[in-house]
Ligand code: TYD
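The form predicted alone is given below as one chain in structure tokens.
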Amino acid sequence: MYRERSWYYADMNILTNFAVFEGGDGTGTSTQIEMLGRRFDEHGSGSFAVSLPPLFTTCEPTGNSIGRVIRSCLKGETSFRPETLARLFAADRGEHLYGPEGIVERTGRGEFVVSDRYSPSSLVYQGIACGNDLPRLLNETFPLPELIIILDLDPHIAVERIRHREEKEIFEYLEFQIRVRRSYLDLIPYYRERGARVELVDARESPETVALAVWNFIREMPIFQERE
């Protein structure tokens, strides 16, 4: 288990105003990001507008040059050793955080940032592909999100959901996704012991039901409490 590592209890900073959606392929993270954006649009307009912080939604891999290389590899168009892919993810994440108009800059000026995947994905996916040590080392200095929402779904259902996608990725097969789900569940205490809030949402429910559960967790963040 991860507890055997001396750096399991290493101090890590929490990046406030930052939430992350995580889960295996087919769990609906992208759908929930879109639905959250629509909720902000609806709550921020009309005669019953609610005061909400500015929302910025993003994803990993990013759309920058490093992220495009990663996406090419995930689609099977380019081939890298698992260790190389882990390093590319970390490089992309560094730019995502600290580059111009990045996550750190945006959260620092009061924006609420939500990312479709972040370091937990690397610890799960790259941890399975090349072992835990390298992904942990590459990601140990990155700040933790204030809130991690894991969309949990039986891998058999998840794989069936993505079966008809036109573009498949290299990790989208049942045996791997079974390990992905197990790894996400194992990571919950890992992040909680470091101070991040981790919430598990049953992704078997309808997108609307999942979105309500997600919203109920998000609205408890201090950035929203301050506006009530």
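We number the residues from 1 along the sequence you see. None of the values given here were measured: they were computed from a predicted structure.
Below: the form predicted together with ligand TYD, not depicted.
Trainee: Would all three of R117, S122 and R165 be in contact with ligand TYD in the model of the complex, where contact means some heavy atom lies within 4.5 Å?
Mentor: All three within 4.5 Å in the model of the complex.
Trainee: Counting only non-hydrogen atoms, which stretch in 143 to 151, 76 to 84, 122 to 130, 106 to 114 is within 4.5 Å of ligand TYD in the model of the complex?
Mentor: One stretch meets the cut-off, namely 122 to 130.
Trainee: Using a 4.5 Å heavy atom cut-off, which residue among E169, D41, E193, D202 comes into contact with ligand TYD in the model of the complex?
Mentor: Checking each option against ligand TYD in the model of the complex, the one that comes within 4.5 Å is E169.
Trainee: Answer yes if any heavy atom of R136 is within 4.5 Å of a heavy atom of ligand TYD in the model of the complex; otherwise answer no.
Mentor: Taking the distances in the model of the complex, the answer for R136 is no, it never comes within 4.5 Å of ligand TYD.
Trainee: Does at least one non-hydrogen atom of E34 fall within 4.5 angstroms of ligand TYD in the model of the complex?
Mentor: It does not: once ligand TYD is placed as it appears in the model of the complex, E34 has no heavy atom within 4.5 Å of it.
Trainee: Pull the contact list for 55 to 70: residues with a heavy atom within 4.5 Å of ligand TYD in the model of the complex, in sequence order.
Mentor: In sequence order, E60, P61 come within 4.5 Å of the partner.
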